[in-house]
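Subsequent text provides structure tokens for two forms of one protein chain, presented individually as structure 1 and structure 2.
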Structure 1
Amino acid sequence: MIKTITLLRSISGVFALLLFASSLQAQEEKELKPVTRTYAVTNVNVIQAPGKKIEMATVLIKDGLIVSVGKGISIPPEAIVIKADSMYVYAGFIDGLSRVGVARPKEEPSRERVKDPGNPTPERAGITPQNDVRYSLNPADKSIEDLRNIGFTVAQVAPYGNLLPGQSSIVLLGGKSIDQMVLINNSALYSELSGANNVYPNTIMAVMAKWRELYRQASQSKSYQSLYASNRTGLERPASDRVLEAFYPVIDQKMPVLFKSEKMLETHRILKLKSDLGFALTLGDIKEGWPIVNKIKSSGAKVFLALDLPEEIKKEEKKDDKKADKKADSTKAKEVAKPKTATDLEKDALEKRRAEAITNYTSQASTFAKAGVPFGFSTLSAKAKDIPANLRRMISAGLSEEAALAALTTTPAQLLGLSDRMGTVEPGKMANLVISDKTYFHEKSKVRYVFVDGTLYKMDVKEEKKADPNAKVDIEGSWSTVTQTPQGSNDGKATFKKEGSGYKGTVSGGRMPAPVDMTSVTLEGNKLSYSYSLSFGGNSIKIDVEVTVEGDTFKGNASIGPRGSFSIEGTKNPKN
């Protein structure tokens, strides 16, 4: 009997241990709530709004909201204190049009045969206005982190596609689930004036005709549904059409149409559609708006300018021009200069037009500001790593720092109907904040902390090794490279060959069936940069690599346009 009791107690003990172990496992699997959601940012320069500053103050945050802003604020004992000595805090930046966090769809075969190209399915023609971008969001996408790391906390995100890809949403750039991220769903009906491949509509005029047709069909369908709802007797039941029904909120002026509008001619055509049909319009990612700024202003359209800018003319080019001028002056002093050929004159004119175009692009924001057009910014076509420098270029071209800050904070908040929640650093607003060690637009400024809906993200700021312009390095030969991507490590090979005073090169490995030529190779001291392009499904993707060379190794980043940047390392292979 005693043995039996002992055995039962042993079994009971083991069972209890198993239950305890399973309980621990369940606790580990269950996401634990943070110890506190109260933060105090102390001794910080608060830029509450453009032109409104409180020096060396405290910002108190609790449960995702800004509770207090000012001096002499009592800090509760449960608060996590961030000693931001002499740093600067701003309202989190707002992106008016982006695809941040959106999973890129698999490329559809452009040469796929369609039985009736003049009457394809709506999906094949790119007409899916009923689609919701929320179902394409990936909270773990690296592009979210990249954009957040430079101060953006909210973005209006649109789906991929051509004519009518679907409906956009306004999302927070933080959170572990789609539901946590989405702030406002169905914020706009997104559209582009781009046709489908090999099916109707595939030209600009056909796209515009199709747009008008769909809008008018939707208006008729909505009218009939209203009539049927008022008196169903004797009336045929209206057919359900998700494509046309997606236009109903637009027709009722409850939802704007968000058009990607990079080029001036595109903008002209979109404004014509708005004038003819009467919908509320938002123009996004504008790149050539300065010639028609007054027309855009009179249209009443909401405006988001592109943060993408053309590359500056390199200093080397300017130095070469000066050297050429000096040489020409010296030659003239000795002998009469030969007249320029037609080719020389055309080249000069081309370079002049190029310089003028870059100036116009860079000063576009200043032109809109002077014209009194409220505008925000769009990151749709910009690389996250280039955005701070591009903002500084806009400021150098005439845009005031206050106007630049307004375009990142207060103005997009107003344009998107978010002013009651964000855009300024004030009590009652969402705790969407960006904290930088210097004023944000300072050339050496670094973002140190970002709050998104009260969640703290601390930047791992690494002091970059400065390139040595006087260093002597030898890059000629082959290098084994490793690029860290979200899909894992990608092995490749870069080969450089001396050509005159510069270099040329190729890249190979990975998914490339054959080596690809580099489009440019620049070596300044020990700072190496090169670019190349890859083609997938008829689309060309440009990769820009910037690394610092140290002996037989290099480290740096490979940038793939708006898709983000990834770390890359290289090791020089021994010569055969």
Structure 2
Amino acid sequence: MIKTITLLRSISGVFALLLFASSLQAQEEKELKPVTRTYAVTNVNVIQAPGKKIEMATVLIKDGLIVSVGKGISIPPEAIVIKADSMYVYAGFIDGLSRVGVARPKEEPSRERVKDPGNPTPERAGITPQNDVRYSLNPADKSIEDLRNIGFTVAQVAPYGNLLPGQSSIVLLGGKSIDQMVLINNSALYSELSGANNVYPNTIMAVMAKWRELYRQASQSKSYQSLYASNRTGLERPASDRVLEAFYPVIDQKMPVLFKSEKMLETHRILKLKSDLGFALTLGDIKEGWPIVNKIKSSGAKVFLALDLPEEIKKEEKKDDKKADKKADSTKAKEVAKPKTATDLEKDALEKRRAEAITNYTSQASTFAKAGVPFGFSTLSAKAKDIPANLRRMISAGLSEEAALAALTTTPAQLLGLSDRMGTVEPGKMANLVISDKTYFHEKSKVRYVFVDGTLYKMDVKEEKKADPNAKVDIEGSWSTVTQTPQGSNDGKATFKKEGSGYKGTVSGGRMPAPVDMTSVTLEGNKLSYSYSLSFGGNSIKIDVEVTVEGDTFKGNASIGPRGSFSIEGTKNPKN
């Protein structure tokens, strides 16, 4: 008994010590103010604005603003000098619509059953226009870093939800707190033409009817409130209504409605609502706008085109053909002479139309440029890592580099009403800059530095060096994986097996009821990437994992469609 007590005492003593030590450490880790907020980027090619270049110049930044740009600028002694010899500096990119840094709601309220599906609460119906996306921002969200690493510094972010989830904000892709991030709050009323799960309004037609009704009810209650405010005689006191009041700035044309407008028919329907009700409209994440570019133009809506593109058709099949040819040289002649069957012809024709369709998507931006419609870009449904390549695809489909840059900088600044403070590299503008080692749109270009509001972010290029194409690693066997998600860490298992010259694999664990086959596995040097798909209630979600293998461990990212990417680590399990 005595023994136990002493033991307990000593344990508590250790505990106290530990606590003390940790509080000491916390004090040491307390953040210091930066020594200086002055930076000089020297010897750099300055792309001040699309088509406006100064070679080998200096950009001087002080306290979050660009102070001077040009040659022969004297550098103050307190400045941190960034020798950006022969690199390129651009204005930081602006994203017209995304959910970067917005925390996903933990529970989907749409699962619960409602007693009377025809009369749900506004919250259950997805009607919360009074909500403010600021309350769901997470400055530590990895998506912010991902997007910043490819040059974006500002984004208009929208809350999660379907019909009227709330109001968007324009945020900086940096900052430690929500308030440091937010540049403009309540920038737009965000909406999507999608219905609530199993309750009214469930279909698009009901969503449109509800939209019209809410807008008209808001107009009515707004004019009644002002009537009451001017003279109360003989009038009932108007009740407060959070939902309808959120429409007031829209009715006053002080706030635009920002719609996600991916599909062509969706765009038609949104334009119809606009022409019925007359609000100021911003169309976000347009993916199929090319056939109706003139209709969009004449509507006067502001336009953000999606940076997401359909995947190109892989040319694997042709490779296989070649291999087959090599193997069977003797039969080659016969095969060539063999006429195509009707099925082959039909397949060819279908494949051709699909290729044409992909070209249409890829050349959308150039179609808009030719039609003279000013546009920015949005990253809502795009994966950050695909964006530079997608921009290059748009450029090779006819968009000029200048127009691409304008769509990333000057035009979105103008569309968001921020031209006075961003979009170009000029004195007086916010120090939002992106510095790449080659011209940004060059295939091998890498972003090296990004400034957000005068704060420097240096891109980690170490990991790239680690990727060694000649390294030889053995991935065969089973691996335990840990993925960090906002809902906590998620344990899983990945198994790889050699097959021919490649690998096959399965994934299990997490919430998966059964192991899932990987759809692709590629190993180049020590760079391993694999993909698999999960289906939830009829929706299929593709997960792409990219890691660098070192011995018996790997580290990298798992990206889940447009929902963001999470860090993943793996350890190889000893062979049984």
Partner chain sequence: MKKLLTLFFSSLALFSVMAQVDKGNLLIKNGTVITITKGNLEQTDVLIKDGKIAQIAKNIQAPAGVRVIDATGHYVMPGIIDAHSHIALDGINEGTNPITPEVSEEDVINPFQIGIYRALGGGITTVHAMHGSANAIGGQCETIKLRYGNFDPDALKMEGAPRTIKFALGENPTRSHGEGSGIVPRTRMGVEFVIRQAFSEAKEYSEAWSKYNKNKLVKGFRGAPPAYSYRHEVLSDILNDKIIIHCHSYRADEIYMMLKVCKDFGIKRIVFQHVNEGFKVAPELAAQGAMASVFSDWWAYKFEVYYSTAYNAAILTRNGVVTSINSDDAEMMRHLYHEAGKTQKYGALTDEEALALITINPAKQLGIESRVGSLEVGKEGDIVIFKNHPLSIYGVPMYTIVDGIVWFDREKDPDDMRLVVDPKQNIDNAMLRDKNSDLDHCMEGAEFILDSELFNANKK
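Here, rigid core means the biggest group of C-alpha atoms that superpose within 1.5 Å across both forms. Please note that residue numbering is based on structure 1, beginning with 1 at the start of its sequence. Here the structure is a predicted model, which is why all the values come from computation and not from measurement.
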- Task: Please state whether structure 1 or structure 2 is the form predicted alone.
- Result: 1
- Superpose on the rigid core, then tell me if the C-alpha of residue 526 is displaced by 2 angstroms or more between structures 1 and 2. yes
- Message: Aligning on the core only, does the CA of residue 548 end up 2 angstroms or more away between structures 1 and 2?
- Response: yes
- Query: Relative to the superposed rigid core, does the CA atom of residue 263 travel 2 Å or more between structures 1 and 2?
  - Reply: no
- Students should find the CA displacement of residue 517 between structures 1 and 2, rigid core aligned, in Å, to be 2.6
